[in-house]
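Quick heads-up: the structure tokens below are two forms of one chain, split into structure 1 and structure 2.
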Structure 1
């Protein structure tokens, strides 16, 4: 019954993506293209977080670590080993995913606040390791707080637009898959009642790990793209906890565990910060704090989540 609506939304989504693919041909202003790219970028990143935490209910407070790993892998692969961008990009995703696999096995056994803190601790530990590794072991690998300068790409904004768009597209498509697949039902069951899911035959460990690793894989790709875009990375930038916070807040505003949540939340917040952030820098963070508090108190399910409950829509 509702599957019909789902199909329609999927088709609309595919249509919008296809239309977006031609965007750089029409948009004259570099600023506008850059802004759109940033929005799409954040939709993808927030989506990565939603994929894991939104659907399983396991609150990951350290997703930025996989973003950072992606950035560092691409930087080291390109500068130290001279590997071209696209292969490096792919390696970034793979390494992020593999690290997530190894880290996920012990941490995904933890529940509630413990999982959140453990992921946070891991992210901060990685940041500190990237900062201090070279000095401690007298080598030159991560280059500590000096950071790494990547080869200048010489590409314009539309190049990065075309890098970001397909990855975000895949992330959103993954959401659609989660909503309609065995894997996704497993995740949602884990979120609602983990023991009940387990005795109903859900391999909870494998399902959680699957979500965690795929989220990390995509985050690695985004990290790599951003590193190449900005061409200069430091541990404090790429492992910045502020990024985690942003993903969480965007998803939460839009609606956790919903298909359109990250899309709405990321668009809304990026545009707000773009329009207010520039003019009212001083009040911007106070307002964000206020928006968060008000949103949690009056709309705990996010924009999409509230809509979903009110209109009794199964999917979106």
Structure 2
């Protein structure tokens, strides 16, 4: 790839992020600021899924488990041990990544549907552990299905905007690194032909594990931020498989395994859901489902993927 084009993309990306950093100073509407924060939040979440599944082709149906672990770690750290939010946030990411490392070693040896089923089963198992922990072990730790109430932050939406923005920035920057690094080429080789990649000298196990742990680390951070934002969590909410489904749909809409796919897909789906939900309360989910089906039929490779094929924009 042309180095000048790479540098231009990076400069534009940095410029947009820098401009967004000043946004709360110019947005007076709390609703609008919250909506923008939610869009950026889902860009990061979808990017986490794309980081692993989009580039390797290993379809992960259990990323929500690391989101949930991050939520519970920050809740326990703050309520049980009195640790401030930002140290708790970092701990959430570390623990989520550590769990992913331990889980990834055996599960990443599986391929295809077996890997997808294993990750989905692990996510459901973690939800049940959180639900039954108190009754099983007679320890008031997770507070069972009643959930955990975090300390009320007292911060406005701008605080959480500045929490979400840098994490999403790092996720998108990680995508840029994947697109233009030896590590990323290894991930793409795994997606195209894993056996051939191994024969060529690619350490496929290490590459897959690196992508899996990195994705989990960032998901743990997002889970921690959301938990502190909403101040109350339950296992059914933070380990909800619908979050996984939303990550997958957003990435598919934007384009799997592309730099800008999660950005476009998450922005499109979040804004259209907000718009239709406000106008058609009873029917908007049916309408969104129809839009998704039509979009995938017309653009099976996603919005960015289709542009790359039709216009040969290999730098996206």
Partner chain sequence: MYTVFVQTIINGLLLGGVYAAYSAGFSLIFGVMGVVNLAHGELIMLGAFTSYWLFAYFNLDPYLSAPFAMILLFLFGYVVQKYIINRVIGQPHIMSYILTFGLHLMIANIAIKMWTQDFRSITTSYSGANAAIWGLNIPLARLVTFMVALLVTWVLWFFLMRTETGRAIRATAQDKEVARLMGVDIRNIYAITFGLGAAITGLSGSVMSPFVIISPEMGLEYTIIAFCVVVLGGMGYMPGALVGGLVLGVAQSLAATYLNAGVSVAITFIILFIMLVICPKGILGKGSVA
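Heads up, when I say rigid core I mean the largest set of C-alphas that superpose within 1.5 Å between the two forms. From a predicted model like this one, the values you see are computed outputs, not experimental measurements. Numbering follows the first chain given and starts at 1.
Working note: structure 1 is the copy from the form predicted together with its partner chain; the remaining copy is not.
In the core-superposed comparison between the two structures, the C-alpha atom of residue 18 has shifted by less than 2 angstroms.
CA movement of residue 297 between the two structures equals 2.9 Å, with the two forms superposed on the rigid core.
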